[in-house]
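Coming up is one lone chain in structure tokens, specifically the form predicted on its own.
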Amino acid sequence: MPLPELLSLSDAAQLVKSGDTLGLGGLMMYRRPVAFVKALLQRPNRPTDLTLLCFTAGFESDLLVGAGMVKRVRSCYFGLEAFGLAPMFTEAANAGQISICEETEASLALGFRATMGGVGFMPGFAWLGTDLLRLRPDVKTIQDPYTGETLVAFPALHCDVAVIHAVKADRYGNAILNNNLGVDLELSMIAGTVIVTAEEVVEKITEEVHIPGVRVTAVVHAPGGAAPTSCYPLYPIRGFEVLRYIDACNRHDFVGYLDSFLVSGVI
């Protein structure tokens, strides 16, 4: 297997094409690939019509929505945790400007497992007795051939590019995420291209890794790359920056915030 490429943020951002499904790692306001998203936003030819695939979508995803780069969202949560709603997603959703594919933790997990298993769907009991099947007509029910029970057949999920921010990565693409893993390992298994941005890049990791290098396409050195979200144990959430963002959006000045963010030293 060839070694992953060692790329700059700007070069790695070129791997995302218009119409791609983009999987963003991290969880809530922790270890989000903000530096990578910033590099995407700094591209003169920003990709458009993206589908965001996130276990939970947060600050970085809201920037992409506000910039008009997102056509569709697949996530079971989109918000800023203790800081409240994600303002640009909320505005776009209320205005019908983006498509929202209703997901739950179960549908995402089973969809990932289907892709990892090389099958078209994964059955489960989730969603039975709810209105979610009416909201998602693409999700079908099947009959268990052994018990006769009704099951939900969750379709396989994949993404074109997954971006995962790590505490440490090595030249071979192996990465350490710390213990709050989210679904980052699963994202690395279902993506055609896997980009790891890392606080530190070393020659070889000798500890137990969370993302195996065999799945990684490119490694990017990005110290502070999750800010203003946190990256335990290196730095906490920069709440003042999140509040600055919310205040700007509440003043209908997303463009002004974005302009200042893209030239700032936040990342």
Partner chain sequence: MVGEPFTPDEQLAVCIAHQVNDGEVVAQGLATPLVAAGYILARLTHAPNLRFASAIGQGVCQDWAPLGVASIESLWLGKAIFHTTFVQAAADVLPCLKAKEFFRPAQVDAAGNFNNIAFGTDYHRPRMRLPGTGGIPDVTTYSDEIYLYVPRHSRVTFVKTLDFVSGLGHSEKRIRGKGVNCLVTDLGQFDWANGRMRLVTYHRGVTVERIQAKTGFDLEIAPDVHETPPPTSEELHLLREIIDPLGVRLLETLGGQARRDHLRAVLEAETPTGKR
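Residue numbers count along the first chain shown, from 1. What you see is a predicted model, and the numbers here were worked out from it, not measured in a lab.
The same protein also has a form predicted in complex with the partner chain, omitted here; what follows describes it.
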With a 4.5 Å heavy atom cut-off to the partner chain in the predicted bound form, the contacting stretch among 37-45, 215-223, 235-243, 62-70 is 235-243
Should Ile176 be classed as touching the partner chain in the predicted bound form when contacts are defined as heavy atoms within 4.5 Å? no
Partner contact for Ile142 in the predicted bound form: the partner chain, 4.5 angstroms, heavy atom: no
Just to confirm, Tyr172 within 4.5 Å of the partner chain in the predicted bound form by heavy atoms? no
Does at least one non-hydrogen atom of Val201 fall within 4.5 angstroms of the partner chain in the predicted bound form? no
Only one of Ala93, Val167, Met189, Ala156 comes within 4.5 Å of the partner chain in the predicted bound form by heavy atoms, so just point that one out. Ala93
Every residue in Leu27, Glu102 and Ala106 with a non-hydrogen atom within 4.5 Å of the partner chain in the predicted bound form? yes
Give, in sequence order, every residue of 144-183 that has a heavy atom within 4.5 Å of the partner chain in the predicted bound form, or say none if there are no such residues. Glu149, Asn178, Asn179, Asn180, Leu181, Gly182, Val183
